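Read the single chain below, which is given as structure tokens and is the form predicted on its own.
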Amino acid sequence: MKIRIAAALAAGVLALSACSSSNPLGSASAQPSGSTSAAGGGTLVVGSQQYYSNEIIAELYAQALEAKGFTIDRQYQIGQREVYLPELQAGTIDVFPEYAGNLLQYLDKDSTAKTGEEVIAALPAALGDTLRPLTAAAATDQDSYNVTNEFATTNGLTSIADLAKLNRTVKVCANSELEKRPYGPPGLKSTYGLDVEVIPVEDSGGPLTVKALKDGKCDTADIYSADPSIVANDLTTLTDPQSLILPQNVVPIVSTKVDDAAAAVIDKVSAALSTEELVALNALSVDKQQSSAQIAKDWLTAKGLLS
């Protein structure tokens, strides 16, 4: 089974190449019927976004499941939510690492959830009958607005609200999808009164986005908060005092094929994944150019999750 790569191309998304704490957010819902276990045979399809960090997390799930006897079909770098979510809903993907707040806003634009606990509690109803969230990790990887330290100092910027001091249209480097995101131009206007122009850079806040920001092509850039490039490039992450961007805990979304045994394996991975751990894993990809397979194997071995 192959994911429809043509759909990703049609969506206009380009690939981004990648050269132990307890969970405070509650537990998974009850296991649906019709699932498949390692003993019962069958294959679980594990997918990932077109984002190197998301692939690393997907590979953590995949290797942990294989170590317990499950057969895994990897379908990575599928695209953004508009592309992969229909595949999940159609049952062609069984396990997918997601980001709780963004997923909820995508599924339920009228949701009033604000805290991490509220977001996780609202996800099962938003996902419907064919998908369910497993236990969320403590790790978060938020969309965040970043500026260079020099730009922040020159303009007195510490929060998103401070961008109003520029007294002009704010240029944001980001994937073109930001245009339609609740925390993009619509949310920035309604929440902070900002007029925003998105400068498309299609690498999910990666090196091209960072370069565009440092070269002055934009005022601020949407970069995921667990990306080590924020520290490495001396960027300032603007605070979000109005909580425009919801908490983005990493949460596995699974199909009805994922039974209790498989869910337990994935939950152990989530229980060990903190934000600090995720930043360190991402750094191995960005700085050391290690593959997701090698990164996952070493981390799972160190955590005792392959035995």
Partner chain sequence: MNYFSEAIAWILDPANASGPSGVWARCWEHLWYTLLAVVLACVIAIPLGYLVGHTRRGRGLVVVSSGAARALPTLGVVTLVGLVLGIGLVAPMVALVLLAVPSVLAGAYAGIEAIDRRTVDAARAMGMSEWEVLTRVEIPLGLPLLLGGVRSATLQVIATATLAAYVGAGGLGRFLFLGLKTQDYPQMLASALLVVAIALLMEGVFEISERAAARRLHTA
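Take the two forms, superpose them, and find the largest set of C-alpha atoms that agree within 1.5 Å; that set is the rigid core. A quick note: this is a predicted structure, and the numbers were derived from the prediction, not measured. Residue numbers count along the first chain shown, from 1.
This next part talks about the form predicted together with the partner chain, which is not shown.
In the predicted bound form, the partner chain sits within 4.5 Å of a heavy atom belonging to V201. None of the heavy atoms of L107 is located within 4.5 Å of the partner chain in the predicted bound form. At least one heavy atom of E177 is located within 4.5 Å of the partner chain in the predicted bound form. The closest heavy atom approach of R181 to the partner chain in the predicted bound form falls within 4.5 Å. Checking 114-122, 97-105, 203-211, 155-163 against the partner chain in the predicted bound form, the stretch whose residues place heavy atoms within 4.5 Å of it is 203-211. For the options C173, I93, A139, I78, the one in contact with the partner chain in the predicted bound form, meaning a heavy atom within 4.5 Å, is C173. This chain is displayed alone, yet in the predicted bound form one of D129, D234, E150, D215 has a heavy atom within 4.5 Å of the partner chain; that residue is D215. Once the rigid core is used as the reference frame, the Cα position of P207 differs between this form and the one not shown by 2 Å or more. Once the rigid core is overlaid between this form and the one not shown, R181 counts among the residues whose Cα shifts by 2 Å or more.
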